[in-house]
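Only one chain comes next, encoded as structure tokens, the form predicted on its own.
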Amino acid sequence: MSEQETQKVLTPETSVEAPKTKSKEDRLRQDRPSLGDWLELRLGWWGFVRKNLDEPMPAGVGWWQTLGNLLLTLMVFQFTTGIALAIYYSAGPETAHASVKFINEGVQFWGINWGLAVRGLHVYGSAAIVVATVLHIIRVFYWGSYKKPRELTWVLGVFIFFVILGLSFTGYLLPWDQKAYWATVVGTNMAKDVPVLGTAIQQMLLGGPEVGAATLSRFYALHVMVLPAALIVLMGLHLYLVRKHHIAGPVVPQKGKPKPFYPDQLYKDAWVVLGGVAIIIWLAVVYPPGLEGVADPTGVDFTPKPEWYYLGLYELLKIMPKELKIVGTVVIPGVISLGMILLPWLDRSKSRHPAMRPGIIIAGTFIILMIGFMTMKGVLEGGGGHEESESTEISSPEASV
């Protein structure tokens, strides 16, 4: 065929007759596609879904691998309920408490207090995200799923956990009640123990010498803009790497051929997601979140109580001598955080089996048990009531932890 004829064949305007094997229905479907066909041609959404449903899952993968989808679903719930709450919330010392009170009592439709229900979903949803994230991290740790080639997947997951804790901390102040105010005073005072930069870090967080209007404004901006944006980016990269490297199979390879994600694993994921959402809804309805009196900087007799996921550190500070306070506020959390980030490189064993990683497993188990023990201690003691402890005494907004 000559070059001229080749160019003629490849010309975009060249009409190509439909194969004679096509039926009248096929030609009609091509000329006048349905909405689904039209979207598939432009988005390829069904092909994408089909690819994920058909992903082969290693033999032995089961219920523990459902935590990732549970987390993703809870994140969607948090973003949705957070947007709904932001519609009514006003971030100012004179208006924050009143706006939350209105959410609790005034947002009603058809005789149902939707505002309190949505706030309950948001409050308990944040706690559920922390629980699911911790369980997910523990599972990956014991299964050794952070090993090559999944080192960066693990590191991104650790940073996601840090952002989640940051969201929990910044959101804690927003109701602007006594509990939120003084817990934030205690939390931000921890920053002063950071060597050299401690005071500067604290004032950057507070926007001044004490918790006030600037602090509320900064925490609100961090909670609804900066940290969510960071979370979206980190989660997008994390999910990309999970899809790229696929799910790590069991530590001990199981007999059997890989099975597609659908239907077995999808059903497991669905049951866990429905169960988690049902628990959150039940808690929001049966135990709706309360609201204490408006924040009062002069109420120095108030004993703060942080949320349960900070109780471990809170209880540690109670038993720490005053001269060793920096160990509890900076050294121990810093070492644990750095150890989590560097874990794939600290663990030199080539095996994922826990028995082949005794040093890492023993150290990790000790840390997990100690955090769990201190957290449980705080829960059983009510998270407060130790006024005699110098490490938690509050005498002024500038008081140390």
Ligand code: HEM
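Quick note: we count residues from 1 along the sequence shown, nothing fancier. The model shown is predicted, which means the values in this text are computed figures rather than measured ones.
This next part talks about the form predicted together with this ligand, which is not shown.
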This ligand is absent from this chain, but in the predicted complex, do I164, M235 and I247 each have a non-hydrogen atom within 4.5 Å of it?
yes
Exactly one of A117, L239, V130, A230 has a non-hydrogen atom within 4.5 Å of this ligand in the predicted complex; which residue is it?
L239
Of K101, R139, K305, R218, the only residue with a heavy atom within 4.5 Å of this ligand in the predicted complex is R139
So in the predicted complex, does any heavy atom of G171 sit within 4.5 Å of this ligand?
no
Residue-level contact is defined here as any heavy atom of the residue lying within 4.5 Å of this ligand in the predicted complex; does Q178 satisfy this criterion?
no
Residue contact check: H97 to this ligand in the predicted complex, 4.5 Å heavy atom
no
Does the 4.5 Å heavy atom contact test between W154 and this ligand in the predicted complex come out positive?
yes
This ligand in the predicted complex: contacting segment from 305-313, 130-138, 82-90, 199-207, heavy atom within 4.5 Å:
130-138
Using a 4.5 Å heavy atom cutoff, which residues in 69-99 contact this ligand in the predicted complex? It's fine if the answer is none.
N69, L71, L72, M75
